[in-house]
Structures are given as C-alpha cells and as structure tokens.
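Just the one chain here, laid out as structure tokens, in the form predicted on its own.
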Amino acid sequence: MSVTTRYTDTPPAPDEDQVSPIARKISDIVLARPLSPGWLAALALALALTLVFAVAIVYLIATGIGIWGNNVPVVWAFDITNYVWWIAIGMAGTFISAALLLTRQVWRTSINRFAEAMTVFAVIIAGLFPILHLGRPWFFYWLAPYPNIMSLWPQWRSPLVWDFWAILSYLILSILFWYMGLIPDLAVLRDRARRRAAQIIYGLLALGWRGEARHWQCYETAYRLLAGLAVPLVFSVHSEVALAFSAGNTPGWHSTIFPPFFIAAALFSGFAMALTIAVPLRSVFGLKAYITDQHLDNIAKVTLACGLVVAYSYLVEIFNAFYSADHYDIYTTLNRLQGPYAWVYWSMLLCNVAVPQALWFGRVRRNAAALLIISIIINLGMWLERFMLIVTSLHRDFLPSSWDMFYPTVWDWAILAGSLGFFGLLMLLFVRALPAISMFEMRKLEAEREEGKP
C-alpha cells in the first residue's frame, strides 16, 4: 500500500502476490485468525487469576504484610521467592535474542520474539515484589535519588537499592530491544491490516518504517548495539540479585559462588519457560514449520547444559559448608537435608537434577509433549530451589531462641497464582496483537538459504 493512500472505512487490500508466505502465515494470526474457544477459555482463566492478583495486592496495601506468613526470623518468604524466580525467567529471553544474535546463531530467529516478550513480562512482574515487600509500597520512590526537602537519600549499601536500579535498567533495555525488533514487522501489519483502527495503531508503532536502505542501515546498527549492551546486563542483573544474599552473613547465603550459580539457574529456568511457551505456541497456531523439532532440540540442549551447572553448584554448596568447618553452615546444610523442610530440598533435586537427565536422549529432546512436561517440572523445581534457599537459611540461624517455622497463608498462594495468571494474560494478548515470530528475520533466513549461503 502506498504511503499516500488515503485511509477509508474499507481501505484497499495490498497486493497479496507481493506478500511472502511467511509474512502471510504469521501476520494472519494477528489480523485474520478468529478467536478460538481454547484461546478464549485460557484468557478467561488468566483474567480470573489476574483479578485474584489485583485483589490480593489491594488487600495487602490496605492491611499490611501481616496477611502473609512472614514472621521473625523468616522476614523473606514467598514475596522474595517469587521475585527471584520471576527475575530469573526474565534472563533467558534477552540472552536468547542478544547473545545468539551476536554469535550469528540462525536458530534464534524462530524463538527470539516470544522469548523477548517473556522477558519483558517476567521482569515487570518481578519488579512488583520488592515494592510490595517494603510494607509501605507507596514510598518506593525513596529508593531513587530524587531532590527532596526531607534529605531522605537512598542507602547505597542496601540490596533494595541495588534491586531498584538493576531491575529498572534491565527493564528499559529489554523493552527497547524488544520494540526495536518489532518495527519492521509492525510495518507489515500496518500494510496488511484491513481495519482503519489497526492501520493507525500499527502505523504509529512502525514509526514510518518503509524498508529503505537507510532505514535498514540504522536499524542494524542500533539493534546490534542494544544486543551488545543487553548481554553483559543479563549477567550483571542476576549477579546483583545473588549479591543481595551474599552480602549478608546468614548461614547458607554468605557464599562467593552465588553470582555464577544464580546466572546458571536463571538461564536454566528461563530456557525451560521458553520451552513451556514454544511447545503450545507452535501446536495451537500451526507454526511447526517455523518452530521445528530442531529448535526444540537446541533449546533442550542448552537447558541440559545449564542444569548440569546448577547440579554442580549444589554439590559445591555442600562441599564448601563442610570444608569451611563452620558449624553454622554445616548445620544449615544438614537442616536442609533432614530438617522440617527436607521435602522441599529433595523435591528440588528431583525436579532440577534427576528429571533433566532425560534430555541426554535425542528422542526426548524431539518429543514436544515430553519437553513440555520436563520444562514445567524444571520451573517448579526452580521455584522450590528459591524457597529452600530463602526459608531454610532464615528459619534457623544463629540463635535457637529465635527459630520459627514459616507457613504460607492463602494470600501468599493467591499472589503466586495471580502472578502466573497475569503473566499468562500478557502472553495470550501478545500472541494475538503482535507477531510471535520475527517475520523479517525468517524471510531473510529463507532468502539466504535459497542463495545457498551457510
């Protein structure tokens, strides 16, 4: 459609002969595919859980964090467990897109778009939990060095301040990187849209993209620059989350292994979540030609590699505790193995160490149903790992007189389930409003294959 075409109530359709089959297939999911009963049922469930999430947050702000099961000494529990779990899921998406782009891995083209969306949504949700944990969340802006007459300045030695800047910087870059990749595809949606409102919305979001040579030159430069900034930020953000634990002297936390361990664990859970999204996405929308068994196999291999690093980190934690001869660290380790939360520890090992070993077998890595089950189990295990790390280190520390058990309340479970529903809602809306696979990158890859390029 020409740039001078006047918008009418029924604009003329573009020349469909000039639209590639890839662009037609992927854009039709957004522009032409009717809402299926399955998608509507999933949307209704996600909306219901999101409503639970909103009610739980409103009640929390009105009543206070006493509605949670937090106590002394377990002042961090479900809230920080959820935060670390969600921020970890948000690591893999940017890594998949940025790191694989810089290393010229062509298999990223089918998975980078929804992985980037996963990152943005997960980081948004993760950012809510430190704010809610403050007790007075309406004062969260005190963490920023804004000019004020009360001389209230951030305590730069506080991990909460580190979290604020780490999450904010990572969220901004993730959104920019995601949006930058969308611009050429938004132009395709603008040109193929039949409704005036869709043309205007996608046209505004496309920022006047016309696919000119100077557009592509600026685009390639900016996209790779953002990718180069994103990769170190992936490592720095979750290293900071690890340092929030390592900076304390609580038994079970004060360890130098935490930054690399947290990064490996984040990629482990993030790639597992990518599998959880990729399998139903390609099945429901008929995208098996683009998200192939080879793509699933590659994601599964990286997941297995990260899982082996996580398993090694578990062994190193136990070794360090006994090698240090610190009886507090030794007791914390033994308490995890045979204490009141031992079921959490052994369940975690089952989910994160035993089950992923099935990924050694190529038949499993190419079985979509098996991968979906394994990825869900891994995500469950990584949540248990965060819970084990936080609660078992706090509920029995230096003073036996202050020992206590943590029991989650219905509001703890409501916020956890609600956050999952909110994430599902955002993903469901994303796949129907924006292309879940990068159309221009898929077309570029197809053209290179036709020309015989490696």
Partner chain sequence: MSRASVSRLKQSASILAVTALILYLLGMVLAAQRFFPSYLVVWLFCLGISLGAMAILLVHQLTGGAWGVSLRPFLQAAMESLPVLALLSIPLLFRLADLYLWARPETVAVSGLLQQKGWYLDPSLFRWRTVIYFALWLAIAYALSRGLTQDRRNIAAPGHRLGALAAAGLIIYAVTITLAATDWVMSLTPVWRSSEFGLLVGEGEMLSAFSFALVCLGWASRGPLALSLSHDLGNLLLMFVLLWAYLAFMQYLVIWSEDLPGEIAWYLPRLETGWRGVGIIVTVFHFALPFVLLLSRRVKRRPLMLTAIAGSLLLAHLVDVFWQVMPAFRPGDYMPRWSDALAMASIGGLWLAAFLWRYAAQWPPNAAIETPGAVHHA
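Remember, it's a predicted structure, so these values are computed and weren't measured experimentally. Numbering follows the first chain given and starts at 1.
Unshown form predicted together with the partner chain; subsequent notes refer to it.
With the partner omitted from this view, the residue of Y290, W178, W142, W162 that lies near the partner chain in the predicted complex is W162 [heavy atom within 4.5 Å]. Screening P280, G228, P340, P260 for any heavy atom within 4.5 Å of the partner chain in the predicted complex leaves a single hit, P260. Residues placing heavy atoms within 4.5 Å of the partner chain in the predicted complex fall in a single listed stretch, namely 313 to 321, out of 313 to 321, 271 to 279, 182 to 190, 165 to 173. For Q294, no non-hydrogen atom is located within 4.5 Å of the partner chain in the predicted complex, even though that partner is not displayed. The shortest heavy atom separation between D329 and the partner chain in the predicted complex is within 4.5 Å. The closest heavy atom approach of A325 to the partner chain in the predicted complex falls within 4.5 Å. In the predicted complex, A247 approaches the partner chain with a heavy atom inside 4.5 Å. Across the proposed site, Y59, M348 and A414 without exception lack any heavy atom within 4.5 Å of the partner chain in the predicted complex.
Although the partner chain is not shown here, in the predicted complex the stretch 346 to 373 places heavy atoms of just one residue, W360, within 4.5 Å of it.
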